[in-house]
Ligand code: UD1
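Only one chain is given next, in structure tokens, and it is the form predicted alone.
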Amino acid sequence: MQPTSIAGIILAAGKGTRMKSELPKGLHRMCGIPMVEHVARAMKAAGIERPIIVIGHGGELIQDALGDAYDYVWQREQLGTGHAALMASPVLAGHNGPVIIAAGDTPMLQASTFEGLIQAHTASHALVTLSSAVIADPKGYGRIVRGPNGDPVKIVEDKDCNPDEKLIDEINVALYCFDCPTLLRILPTLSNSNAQGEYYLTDVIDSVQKEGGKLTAKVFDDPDVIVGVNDRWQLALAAKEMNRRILKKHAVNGVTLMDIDSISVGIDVEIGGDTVLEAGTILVGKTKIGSACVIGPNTKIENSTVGNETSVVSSYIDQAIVGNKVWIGPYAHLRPKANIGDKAKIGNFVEVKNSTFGVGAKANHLAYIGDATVGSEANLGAGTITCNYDGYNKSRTQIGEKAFVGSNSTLVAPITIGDGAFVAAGSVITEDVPSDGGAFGRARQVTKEGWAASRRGAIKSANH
């Protein structure tokens, strides 16, 4: 690392027993991404190029979820925050600049929080800069103990506080900036002689003070710095607040929100101006919505792209691409690799999977279109089904431009319906239909005069 760079450590090795989950605590999601990734992204946005994430329980899952944009170190035994920071020492070797340490369960931290801490640390020329806040009820938090000159001298964990220390209302918010060489020198000397039998990162501050090193504290009045997530209820409350911030950002940028209490938008979602989100809309993952769209009500779209001036009503779209001026729904389902061209229409109770619809193509009602290519301006009647799976293999259906497929038709793949071809309603089509050809794949109708009356008479006689 360069001497002038800023390093960062995120402590994410704990199991989080109060979450009551087999999933690592840091992997519980808020607004589309894991909690620990919120912290990591904020660090990167503040100029920390490669945050170091300390992992333990379920560490492989964290690595898989967050990818290779970060450095990872293992804490095989959870022996406290000081021990966790010590595990990052090999990665920090040779780093002479500041290092920030934050908890992986504080997802509300923002880049500005880290920037403020870095600025305070740099301006003070301190060896340690603490983050603190003054709150009315400090129970459960470590207390900041200040000396006669007003400088902080130590942090005492709540369980280790004496009666006088418990009255202190300035709390430690578990966010620090250290001079890296000082941190690396002191970490191996920490003792675990405390109520928890753990190595506390906070004891580094005590050691610096005893050596006569300079300490300072950055007092934050931003409530975000004290928002830690320890259980599912706290997760839900934090997620609600973050969602409101995301919605506000989009509203300020020109998106209309019809009901902010029922709309949920992930942190990575992009939405164009003049788009309207109706009640019950959920947008997650790497979703991109164009301008002047109407989405909802009661619609979920994930990891998909929707063009401009498109309406999606009461439907579910997953890993699909939708063009401009398209109508989707109500109750449509676009599954992965559905690609819907401009001005197409996917109507009520239509399911599309791994299929492409050309410009202006339509499937208005009650259809299943899987593994198919539908040409421009083709019209698929109600009840059209592509039989794409024979129990062993998937096969494709090709439907040409301006082809017409009548209602209640079954297209048995692999099959090709040519441009401008006509398939009669109620047909089972097992052979290719040439361009401009007509196919009638149904049994000939037989009509018998008086048959219904005779049948009723026979039934009546049998019942007597």
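Because the structure is a prediction, the values reported are computed rather than measured. From 1 onward, residues are counted along the sequence shown. What we label the rigid core is the largest C-alpha set whose atoms superpose within 1.5 Å from one form to the other.
Keep in mind that the form predicted in complex with the ligand is not shown, yet the notes after this line are about it.
Residue contact with the ligand in the predicted bound form: C387 places no heavy atom within 4.5 Å of it. Using a 4.5 angstroms limit between non-hydrogen atoms, G266 is distant from the ligand in the predicted bound form.
Interface membership of Y141, defined by any non-hydrogen atom within 4.5 Å of the ligand in the predicted bound form, is confirmed.
Though the partner is left out of this view, F114 does not reach within 4.5 Å of the ligand in the predicted bound form, counting heavy atoms only. Taking a 4.5 Å heavy atom cutoff to the ligand in the predicted bound form, the contact residue among V306, L183, L380, A84 is A84. Residue A174 is the only one of V128, A174, V255, V326 with a heavy atom lying within 4.5 Å of the ligand in the predicted bound form. Here the chain stands by itself, but in the predicted bound form one stretch of 117 to 125, 236 to 244, 196 to 204, 349 to 357, 196 to 204, has heavy atoms within 4.5 Å of the ligand.
With contact defined as any non-hydrogen atom lying within 4.5 angstroms of the ligand in the predicted bound form, the contacting residues in 217 to 242 are G228, N230, given in sequence order. Taking 2 Å as the criterion, G360 does not count as shifted between this form and the one not shown: its C-alpha moves by less than this amount when the rigid core is aligned. Core-superposed comparison between this form and the one not shown: CA of H250 displaced by less than 2 Å. Superposed on the core, the two forms differ at E170: its CA moves 2 Å or more between this form and the one not shown.
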